[in-house]
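In structure tokens, one chain follows: the form predicted on its own.
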């Protein structure tokens, strides 16, 4: 499939726009390149390209979509006619009277910043860089699997409305990854660079430097071998320190998903689940301790889900979702704000041209505090510091959870006394966040993300970013694995 000629598409929009209350065109071209080296062998290059258009129509109170990869004048007209047909069918039959919603007419542009463009480095040099890093992972006979990879995604979008809106947004994503697995007898351990493509950022080749890709093999191989000889994680109620690459998932699952307003309204209960949060909680519910400050911030350069406008044309701004532990705002876009009467954010996002936008996380960050990591360790009489997610489980209301990590360090009387393997913990979202007892300073913050956040029917996977400092929690149920 070829790329979209955005200028030509823009010239056609006026010709194919039906006579309706509101019409928008959202065009998306996505190009992806994946390079990997496994056990010192370079895998074949994988590349893909996908292009198409979504036409949205609001008329007579109804809403309809028509998606197509036929970008001819006739193809676009058929998609527009289908959207008009669906809008007529939904008029008076939806939970929303779309005629009551004022859709914006945004004008603007956005482009990911790249300090060292991806294209400036040859394919040969990229493979060589991955191969050299991969070779440094195999430095012990107990290492049985190892590999490096990078996924590069380029997404260009155009958004037009029949009342003058025009947006161009160009996204450049780079996601390096690294993993090493060691075995001794019945024990197998793995260490990775932050987890599955967790070091994903907007940018170019500088992303490798940001995640210390060149230095990582030495650290990861040392840690994975140390895990083989480590004692199992202790079991009991104790303090828990979480590094940013685990805080990422904790924020994602027990704050991000529960605060999606469409989920709170019940839209996702047949698939992705509901939420323990109810509309009445906003403005009154103490979600966590006074140390908990969580922001929706799609304005930070290089974080994974930075953008200027969402897919309904709302301008993206930083907003506090939780301030001093109090729940103040939800993750709801234009339609959800209208339905619920709650304050929301610019987070109506679609995974591709053939999916409608729904409420999604973007950059969901825990704001830094005033403690150093040594200070938090000193305050811990008995506990474990855990790094890098390896497993997760959470109920369909995003309330009860259980997470496992790759690497743990045991703390006794304010000192780290050794490495522990198979560290796990469980809790209930409200209780867990209300036990937040320490938040690291800005220098402890790590920026991570995921390209695999799934939701909606048909399924949509979107890119999400999370920044967090190291944090300390009290009275957490910690346990070891087998």
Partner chain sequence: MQTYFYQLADALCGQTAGSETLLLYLQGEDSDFVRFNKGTIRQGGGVKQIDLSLDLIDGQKCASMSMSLQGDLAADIAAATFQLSTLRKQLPSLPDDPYILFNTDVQNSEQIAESTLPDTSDIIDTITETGKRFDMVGIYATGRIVRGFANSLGQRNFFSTAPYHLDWCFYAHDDKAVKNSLGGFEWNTNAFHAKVALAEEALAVVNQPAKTIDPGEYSVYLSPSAMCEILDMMSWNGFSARARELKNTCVLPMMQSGATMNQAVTLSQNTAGGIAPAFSPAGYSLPDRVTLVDAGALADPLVPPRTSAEFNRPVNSGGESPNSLEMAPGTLATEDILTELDEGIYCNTLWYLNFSDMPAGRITGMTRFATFWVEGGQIAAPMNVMRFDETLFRALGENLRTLTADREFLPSATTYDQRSTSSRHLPGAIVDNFRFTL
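Numbering follows the first chain given and starts at 1. Predicted model, so just to flag it, every value in this text is computed and none were measured.
Only in words, not in the display: the form predicted in complex with the partner chain, which the text now covers.
Engineer: Pick from 164, 283, 266, 341: which has a non-hydrogen atom within 4.5 Å of the partner chain in the predicted bound form?
Structural biologist: Result of the distance check: 266.
Engineer: Using a 4.5 Å heavy atom cut-off, which of 216 to 224, 104 to 112, 324 to 332, 90 to 98 contacts the partner chain in the predicted bound form?
Structural biologist: In the other structure, the partner sits against 90 to 98.
Engineer: Residue-level question: is residue 136 within 4.5 Å of the partner chain in the predicted bound form, judged on heavy atoms?
Structural biologist: It does not: once the partner chain is placed as it appears in the predicted bound form, residue 136 has no heavy atom within 4.5 Å of it.
Engineer: Do residue 274 and the partner chain share at least one heavy atom pair within 4.5 Å in the predicted bound form?
Structural biologist: Close contact exists here: in the predicted bound form, residue 274 approaches the partner chain to within 4.5 Å, heavy atoms only.
Engineer: Considering non-hydrogen atoms and a 4.5 Å limit, does the partner chain approach residue 63 in the predicted bound form?
Structural biologist: Yes, residue 63 sits close enough to the partner chain in the predicted bound form that at least one of its heavy atoms falls within 4.5 Å.
Engineer: So, residue 210 and the partner chain: in the predicted bound form, are they within 4.5 Å at any heavy atom pair?
Structural biologist: No, residue 210 stays farther than 4.5 Å from the partner chain in the predicted bound form.
Engineer: Does the partner chain, in the predicted bound form, lie within 4.5 angstroms of each residue among 270, 393 and 422, using heavy atoms as the measure?
Structural biologist: Yes, the whole trio is in contact, each within 4.5 Å by some heavy atom.
Engineer: From first to last in sequence, which residues of 188 to 204 have any non-hydrogen atom within 4.5 angstroms of the partner chain in the predicted bound form?
Structural biologist: The stretch touches the partner through 188, 190.
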